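Consider the single chain below, provided in structure tokens and representing the form predicted alone.
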Amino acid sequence: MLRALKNRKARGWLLQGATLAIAILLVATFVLTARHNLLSQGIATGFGFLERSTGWPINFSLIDISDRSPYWEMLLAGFLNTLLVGILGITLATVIGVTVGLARVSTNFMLNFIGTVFVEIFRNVPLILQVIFWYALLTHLPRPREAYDIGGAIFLTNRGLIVPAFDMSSADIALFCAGFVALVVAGVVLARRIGGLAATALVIAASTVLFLTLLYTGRTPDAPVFTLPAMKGLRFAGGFDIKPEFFALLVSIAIFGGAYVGEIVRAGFLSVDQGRVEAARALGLSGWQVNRFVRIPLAVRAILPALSNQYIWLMKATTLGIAIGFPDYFMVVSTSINQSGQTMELLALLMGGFLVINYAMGAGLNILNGRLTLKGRN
């Protein structure tokens, strides 16, 4: 034993093992104490409540939900809502951020000025304030009869944005979104082997096949494949209704996140060594080729670590939907705690859900970062 303690590596393993044992002992003590206190107050513990009916509905869900649905289905609906608004918000924030970032590094005065104004306004206003602002703006739009008509196909009212839609169920839309994300990840992995253009074409083709398959296998028989919204009575029939709560939260995350992503993109482009750009020009490369083969690859490597943190932060920011009544995972869990009294179990599920989402995002982005780093070394 004494001989083992003289070994530095063995002492390290022993200290780490002792620390882990103490941590497990403390957690177990807290859990058992909390369970004992809850039982002494007559509060049931465990996850048996997940099979009970909730008795309350939510106004937005990707799966069929009613006030008779059990708690586990309601929690699943909230979890999917968080994923939907988070993924769409991050995607839009990336598009806005790249556009703003390129404008900020542009030599064109007007583009640079517009990008600067956008960043200075939306980066310095708290996100919760922007969420409430957009929600108040959307709910003060005209009623359906006086709706803003955009090309006779899109209508903007105080009940939301009504757009043309394919005849697809919410579950089909969720499956398509999940499949599209998986295809994009697969495309990024394959891009190095088969080329960027080939990988992009493959992702587009596979997404089209997936979309058509879901459209023709999941739609209602004899129903039109594509419907345009039309006024019937006091409401619109046909099309797809995007609720004001969802729309306000999505717009807020996209704009607020876009301002931060824009600054990250700008910093990435500015970090590229000017000597390499000048060397590429000296070799006779055109402006597009300099950006394609020198500036963008080097900038992406600098951008990705900061961008990963921003994406994870934006995903957690979806919890602000509770301020305007959007039924995301946080709001569903909060309501479930008030209705069932299962505080510890539901908080554990809430933390577990966000850990799964954020660790999955972090792992994917770390893999991408690692691939780009190896490529740069080669």
Partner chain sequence: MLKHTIAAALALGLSAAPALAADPGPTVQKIMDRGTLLCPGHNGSYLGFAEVDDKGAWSGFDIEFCKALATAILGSPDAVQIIPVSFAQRFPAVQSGDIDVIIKVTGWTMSRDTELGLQFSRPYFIGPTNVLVRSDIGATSTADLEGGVFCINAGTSIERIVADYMGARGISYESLTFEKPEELRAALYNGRCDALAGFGPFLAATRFNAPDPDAFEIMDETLALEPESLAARQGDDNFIDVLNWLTNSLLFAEENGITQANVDEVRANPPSASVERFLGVSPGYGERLGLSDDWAYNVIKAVGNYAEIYDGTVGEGSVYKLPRGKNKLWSDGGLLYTLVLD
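If you superpose the two forms and keep the largest set of C-alpha atoms that fall within 1.5 Å, you have the rigid core. Numbering follows the first chain given and starts at 1. For clarity, every value in this text was computed on a predicted model and none was experimentally measured.
The discussion below concerns the form predicted in complex with its partner chain, not included here.
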Exercise. Quick one: which of 26 to 34, 344 to 352, 306 to 314, 55 to 63 gets within 4.5 Å of its partner chain in the model of the complex, going by heavy atoms?
Worked result: 55 to 63
Exercise. Is Arg193 one of the residues lying within 4.5 Å of its partner chain in the model of the complex, judged by heavy atom distances?
Worked result: no
Problem set entry | 4.5 angstroms heavy atom contact with its partner chain in the model of the complex for Gly268 | no
Exercise. So in the model of the complex, does any heavy atom of Phe256 sit within 4.5 Å of its partner chain?
Worked result: no
Problem set entry | Contact flag, Arg159 vs its partner chain in the model of the complex, heavy atom cut 4.5 Å | yes
Exercise. Of the residues Gln289, Thr116, Thr227, Thr139, which one places a heavy atom within 4.5 Å of its partner chain in the model of the complex?
Worked result: Thr139
Exercise. Is its partner chain close enough to Phe176, Arg301 and Asn358 in the model of the complex that each of the three has a heavy atom within 4.5 Å of it?
Worked result: no
For this session: Give, in sequence order, every residue of 237 to 254 that has a heavy atom within 4.5 Å of its partner chain in the model of the complex, or say none if there are no such residues.
Result: Lys243, Pro244, Glu245
Exercise. If you line up the core, does Arg292 shift 2 angstroms or more at its C-alpha between the shown form and the other one?
Worked result: no
Problem set entry | Core-aligned C-alpha movement of Asp273 between the shown form and the other one, 2 Å or more | no
